[in-house]
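Okay, so here's just one chain, in structure tokens, the form predicted on its own.
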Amino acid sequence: MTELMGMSQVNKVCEALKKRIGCEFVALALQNEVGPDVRWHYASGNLNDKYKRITVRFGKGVAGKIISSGSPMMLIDFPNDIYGKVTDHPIMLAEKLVSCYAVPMFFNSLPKGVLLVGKREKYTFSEDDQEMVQDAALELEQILQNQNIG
């Protein structure tokens, strides 16, 4: 597993994002170097360490769908506004999230990571919120590429 928890630059960007948006949870997922599966490597504001054991298939869950589509995704009222099964979204269940906004992170022009912000209440992320998440994702892409991660 790529160790991101000890990287102060990653921590700094995620903590600043969490504070600016006023969200309770920020997490970062990366596609495995071998195979299509996606794992959560970093979390802030987490209720437990379950995120470390969550692996989703390419195309499944929030992270898998974002990496397969290369597009941002917003859930406003989980589990009421999802397609598919509730169990396909393990990060939402593990962290008791009700709303989230997540964007792809690109490495070598391919979506290989996900930056997610979440709240434990029903919430619609504004365009300003979305822009801040996108800016943080770009910053994290640079940090991880400089560390040869991603």
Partner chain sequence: MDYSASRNQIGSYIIQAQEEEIKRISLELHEGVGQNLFSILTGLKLVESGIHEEQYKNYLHEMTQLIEKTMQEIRLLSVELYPPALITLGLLPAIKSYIKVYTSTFGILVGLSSTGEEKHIPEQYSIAVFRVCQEALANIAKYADTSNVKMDLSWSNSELKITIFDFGKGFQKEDLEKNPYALGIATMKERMLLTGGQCEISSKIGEGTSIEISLPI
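What you are looking at is a predicted structure, and each value in this text was computed from that prediction instead of being measured. Positions refer to the first chain, counted from 1.
The following text describes the form predicted in complex with the partner chain, which does not appear among the structures shown.
Chemist: Assess the spot marked by G22, H41 and A43: is the partner chain within 4.5 Å of a heavy atom from every one of these residues in the predicted bound form?
Modeler: Checked in the predicted bound form: no contact with the partner chain for any of the three.
Chemist: Answer yes if any heavy atom of R120 is within 4.5 Å of a heavy atom of the partner chain in the predicted bound form; otherwise answer no.
Modeler: No, R120 is distant from the partner.
Chemist: Taking 4.5 angstroms as the cut-off for heavy atoms, does I54 touch the partner chain in the predicted bound form?
Modeler: Yes, I54 lies within 4.5 Å of the partner chain in the predicted bound form.
Chemist: So, in the predicted bound form, is F58 in contact with the partner chain at a 4.5 angstroms heavy atom limit?
Modeler: So F58 counts as contacting the partner chain.
Chemist: L93 near the partner chain in the predicted bound form, any heavy atom under 4.5 Å?
Modeler: Yes, L93 lies within 4.5 Å of the partner chain in the predicted bound form.
Chemist: Based on heavy atom distances of 4.5 Å or less, which listed stretch (22-30, 99-107, 120-128, 79-87) is in contact with the partner chain in the predicted bound form?
Modeler: Contact-bearing stretch, as computed: 79-87.
Chemist: So which residues in 28-52, when you check the partner chain in the predicted bound form, have a heavy atom no farther than 4.5 Å from it?
Modeler: Read in sequence order, the residues that approach the partner chain (within 4.5 Å, in the predicted bound form) are P36, N48, K50.
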